[in-house]
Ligand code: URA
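Starting off, we have a lone chain in the form predicted alone, written out as structure tokens.
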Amino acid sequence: MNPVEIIIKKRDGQILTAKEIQYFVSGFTNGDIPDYQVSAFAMAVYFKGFNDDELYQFTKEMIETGDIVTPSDNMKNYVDKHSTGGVGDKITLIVSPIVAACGLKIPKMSGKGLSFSGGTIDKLESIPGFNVNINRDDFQKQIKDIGIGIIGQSDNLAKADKQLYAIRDVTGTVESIPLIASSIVSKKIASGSKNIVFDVKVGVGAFMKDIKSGITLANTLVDLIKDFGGKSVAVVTNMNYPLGHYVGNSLEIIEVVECLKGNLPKDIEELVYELSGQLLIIGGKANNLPQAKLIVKEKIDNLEALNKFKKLIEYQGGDSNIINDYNLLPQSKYNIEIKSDTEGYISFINAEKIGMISLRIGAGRINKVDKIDYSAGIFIPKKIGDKVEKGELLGKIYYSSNDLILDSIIDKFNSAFEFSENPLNEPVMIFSVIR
């Protein structure tokens, strides 16, 4: 076969055969097909897409380029949750202990954050001693013992995906829905997950900027998981505004603990109850959403979910005393309070701008090899619709670097807020639920 012929065929909108897809994926994985041809292929897919058969075959080939994990016991009670990423998105760390407390098993392989989108692994690594690199046997034993474990993603899972993503990142094809879907699903299936709730973020602080694209991606993910014999639900959610009150790794761990103690901001509460509830239904622990939400409330109120989080920390070598003493978490050297110079009701908080500030103060990374400051972050006490008086606290920035141009950061922070003279309704957090 000739890679040029395959590129031309896809460029012209024709359907690729299973053998052509297999040839191309194995070719760029083993280095026989150079990056410039892979770039041309990615651009052809960006414009012409895949049909269902092509997407399934492409994802299958991606899975088979690396290790495939098979849980040692019955997978019936195994569930997973995946978020496409956002600003202040610590929902996984709240939902996972809840569903584990309900008797489900939730083994998670998560990634580090890149750009302004925070990573679950980074948040956990801000806990002193927490080890995200435990071996597979210990991980499986932990899942049997306590039903929950969260580790870093292996580079040997769907190896072709890492190579392809690096090319998509520099060729303007990151937003390709079939390539996004195959990337997510190939890693999920390879890691042993087939019963999944997807949190598809939409808005200025997400990859998908509009609801239509988010719903298209959600449908694609659900259909693709079904093709691999799994069950899934995709919840399309609002990422125009930062989630909760904190952005930044150790600060978000504090908010996770507070939520598991029952102190949930309204936006987080809505997402946690919806996503946890959908997982309970998929996992056979509830028949419908109202019933599932009552179970979720019980596990938060009786602190069983908090205890699961405590056990998660302890099993993976972390200091669980952070649950009662937040000073044990990394502390920033400095902080600066930003007061409002406007009176009114908050009508908008730009998630992308807040995320870019977190990047500038060291809470995120531009390249995966960059070191991050686990103590850096942002506190935003107000939410959309809240009244703000002139001179009232609008935000607090935690940082440790002496190289920051604070005036520029303060200006950027202020520019993220918009105000209205009149009260507003709370923003819609869930746009659509797709099964």
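Here the structure is a predicted model, which is why all the values come from computation and not from measurement. Note that residue numbering begins at 1 and tracks the sequence as displayed.
Only in words, not in the display: the form predicted together with ligand URA, which the text now covers.
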{"item": "Selected contact from 184, 279, 259, 109, since only one has a non-hydrogen atom within 4.5 angstroms of ligand URA in the predicted bound form", "value": "184"}
{"item": "Selected contact from 180, 148, 151, 354, since only one has a non-hydrogen atom within 4.5 angstroms of ligand URA in the predicted bound form", "value": "180"}
{"item": "Contact segment among 163 to 171, 318 to 326, 301 to 309, 124 to 132, judged by heavy atoms lying within 4.5 Å of ligand URA in the predicted bound form", "value": "163 to 171"}
{"item": "Contact of residue 207 with ligand URA in the predicted bound form (heavy atom, 4.5 Å)", "value": "yes"}
